[in-house]
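First comes one chain, alone, set out as structure tokens in the form predicted alone.
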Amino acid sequence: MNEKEKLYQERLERYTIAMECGKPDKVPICLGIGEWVVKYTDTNLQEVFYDLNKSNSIVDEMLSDFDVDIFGGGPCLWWPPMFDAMGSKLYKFPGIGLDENSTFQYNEEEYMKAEDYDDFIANPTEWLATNFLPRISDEFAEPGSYRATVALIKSAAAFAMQAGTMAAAWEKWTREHGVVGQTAGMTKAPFDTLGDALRSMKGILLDLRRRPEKVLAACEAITPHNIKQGVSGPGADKRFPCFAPLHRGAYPFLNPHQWEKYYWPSLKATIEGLWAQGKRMLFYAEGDWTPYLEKIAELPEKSIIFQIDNTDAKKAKEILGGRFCLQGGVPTTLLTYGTPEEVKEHVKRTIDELACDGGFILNPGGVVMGDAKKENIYAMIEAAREYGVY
């Protein structure tokens, strides 16, 4: 075993012990190299998004200087050619409909109409293939046509190219830098699947008033699919949690009654279904989830890693600590507007309050924005290494 392989095993053990609510030798540090890194290079976001090799070379260079245990990924969340090949209407990308240094934007529309509920509930997969795809893609406007068939082949090939390129990149980062990947696989809360991609924010809010029983039935229909998604492909590696970005569940998007009736039951069932198969969820709770901590505590022990963003950290520790691994604790606003001294002071306080008895991973509370300061990122890492030794 060479030096980097040994380092990887040490970091993996650190991560594993923390996920199990134990106390490793050090507080694990988790960080992704987000869009903030682009302003410190001679590139722009358009180049980074469209050129995977350039994006990965930036990550490779940065990892040489990053003493982090768990790596959350590079600056490019989506590879646009996958969507271009199908004529997707879902996104605008830097340089294509946006300024070359603007991050991507989601085009939110009611891609599923209110009258579609019954067909969707009866067979979600069939409805997505025959209705959703033609609505979100110019190339799939006529299913079964020559143009649609060619687009399907092109987009599938682009997806395979992206997957192959990123698999090789992760293998290289693991081998040469000894970093551990944060997650394996991805899923969502069923209510978010419905409210994000299908009905839109306006649509789902109207549905809660006009057709609440349809919302419940649709979330129930989605749940088995989201369980399967979490353990499919990369998610089959059960050493690592599946990533679940939780969008509509943060307070006060829904009031507590709506959250408990419409959002929570299907999300809870999804987490329980994953855990029954030995798969943990990274419960990526961006925003404020303080009012819901008692309900979250009902989940099976150790079935999630709970991300602390704007949630009251002391209450999260009090209610969830010891039962679930906690992660986060560093506000993204601090990384943008603070000073290195302020960052270090905050990291010390966070470790004292949240990491004292283990079961904690230091991480920015949410996605680090493109205007974050590089010196603050380094200050966070340095402080974690200084104060995070058990």
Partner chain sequence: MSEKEKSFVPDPGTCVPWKIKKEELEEIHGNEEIVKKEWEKLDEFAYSFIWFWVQR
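Since we're looking at a predicted model, the values are computed, not measured. Residue numbers count along the first chain shown, from 1.
Form predicted in complex with its partner chain: not shown, discussed below.
- In the predicted complex, its partner chain sits within 4.5 Å of a heavy atom belonging to Q229.
- Although the partner is absent from this view, E126 contacts its partner chain in the predicted complex, with a non-hydrogen atom inside 4.5 angstroms.
- In the predicted complex, its partner chain lies farther than 4.5 Å from every heavy atom of A184.
- By the criterion of a heavy atom within 4.5 Å, P224 is counted among the residues contacting its partner chain in the predicted complex.
- Screening D116, D309, D196, D207 for any heavy atom within 4.5 Å of its partner chain in the predicted complex leaves a single hit, D196.
- This chain is drawn without its partner chain; in the predicted complex, the residue among Y91, Y292, F240, W264 with a heavy atom within 4.5 Å of it is Y91.
- Contact with its partner chain in the predicted complex, defined as a heavy atom within 4.5 Å, is made by all three of W78, K188 and G233.
- The stretch among 67 to 75, 207 to 215, 312 to 320, 151 to 159 whose residues place heavy atoms within 4.5 Å of its partner chain in the predicted complex is 151 to 159.
- Residues M82, F83, M86, S88, L90, Y91, Y106 are the members of 81 to 118 with a non-hydrogen atom no more than 4.5 angstroms from its partner chain in the predicted complex.
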